[in-house]
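One chain follows as structure tokens, the form predicted alone.
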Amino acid sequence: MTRYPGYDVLAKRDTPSWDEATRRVVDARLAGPAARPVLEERDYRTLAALCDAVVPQPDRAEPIPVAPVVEAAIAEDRTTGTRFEGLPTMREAWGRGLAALEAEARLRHGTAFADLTPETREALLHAVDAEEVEAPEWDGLAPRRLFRDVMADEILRVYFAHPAAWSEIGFGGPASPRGYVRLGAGRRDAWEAPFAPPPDGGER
């Protein structure tokens, strides 16, 4: 449940809050990547299931298209600039990681990772995070680091870079050219989303 009901960051599109450069960036994110098939169908199904496990979207009429954007990053070998010890390059890490997830699912449950129930998928990812893996495809990889610092990190960055997620968390989007002025705790600018506490007044 959003704390910012009725808020839509895209209502700012044609206001002084955003300039033309900002509009182009936001429009590109809304359009999504061009079709660039780089993963095999099995690997893409694993990727899509992994994205659904990390950022479930059961209440969205139009889910944020996370997997296609992650696939585009893999195709471009695009990184944050950090190369972790014990892990290969971005593209190789994703390729081997998706294959290892698939192999672990088949070894433990006799079926594809994408065909596991959400609960079983989550339990498998907890095992990966605890480095309690059995499939030989993990050899030479650091399961926890691969899952946390490459896979989950990229999925979350893609999700929260989308305007629909901005509306969900009350973020006003890029601060160009207007910027933000009232930066103190409990203060907000007039064009920012009003905060709505839970109906019971508690924290969630």
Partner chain sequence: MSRPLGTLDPSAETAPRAAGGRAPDVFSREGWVPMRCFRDEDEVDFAVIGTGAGGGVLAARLAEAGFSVVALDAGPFWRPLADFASDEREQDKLYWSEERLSTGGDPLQFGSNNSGRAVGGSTVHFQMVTLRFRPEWFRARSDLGYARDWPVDPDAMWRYYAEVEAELGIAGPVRYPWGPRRGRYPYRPHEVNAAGHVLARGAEAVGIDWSPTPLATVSAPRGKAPPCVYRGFCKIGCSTNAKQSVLNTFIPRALAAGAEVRDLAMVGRIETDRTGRATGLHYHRGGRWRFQRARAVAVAGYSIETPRLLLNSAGPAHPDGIANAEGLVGRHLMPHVNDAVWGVMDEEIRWYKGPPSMAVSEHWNYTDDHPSKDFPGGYAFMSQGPMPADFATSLVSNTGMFGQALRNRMALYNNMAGLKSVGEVLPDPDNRVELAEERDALGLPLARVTFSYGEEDRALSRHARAFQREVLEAAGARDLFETTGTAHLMGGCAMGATPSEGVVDGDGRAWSCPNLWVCDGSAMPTGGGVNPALTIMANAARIADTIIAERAPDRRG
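Under this definition, the rigid core comprises the largest set of C-alpha atoms superposing within 1.5 Å between the forms. Fair warning: this is a prediction, and the values are worked out from it, not measured in the lab. Residue numbers count along the first chain shown, from 1.
Another form, the form predicted together with its partner chain, is not on view; read the next lines as being about it.
Engineer: Among 142, 38, 152, 48, which has at least one heavy atom within 4.5 Å of its partner chain in the predicted bound form?
Structural biologist: Of 142, 38, 152, 48, the residue with a heavy atom within 4.5 Å of its partner chain in the predicted bound form is 152.
Engineer: With the partner left out here, check for me: in the predicted bound form, does some heavy atom of residue 117 sit within 4.5 Å of its partner chain?
Structural biologist: Looking in the predicted bound form, residue contacts with its partner chain do not include residue 117, since no heavy atom lies within 4.5 Å.
Engineer: Taking its partner chain as it sits in the predicted bound form, is residue 110 in contact with it (heavy atom to heavy atom, 4.5 Å or less)?
Structural biologist: Output for residue 110 is no: heavy atoms all beyond 4.5 Å of its partner chain.
Engineer: Would you check, heavy atoms only and a 4.5 Å threshold, whether residue 32 touches its partner chain in the predicted bound form?
Structural biologist: Taking the distances in the predicted bound form, the answer for residue 32 is no, it never comes within 4.5 Å of its partner chain.
Engineer: Even though its partner chain is not shown here, does residue 122 get within 4.5 Å of it in the predicted bound form, heavy atoms only?
Structural biologist: Residue 122: contacts its partner chain in the predicted bound form.
Engineer: Within 4.5 Å of its partner chain in the predicted bound form, counting any non-hydrogen atom, which residues from 83 to 103 show up?
Structural biologist: Contacts from 83 to 103: 83, 84, 85, 89, 90.
Engineer: Taking the rigid core as reference, does residue 13 move its C-alpha 2 Å or further between the shown form and the other one?
Structural biologist: The answer is no, as the C-alpha of residue 13 shifts between the shown form and the other one by less than 2 Å after core alignment.
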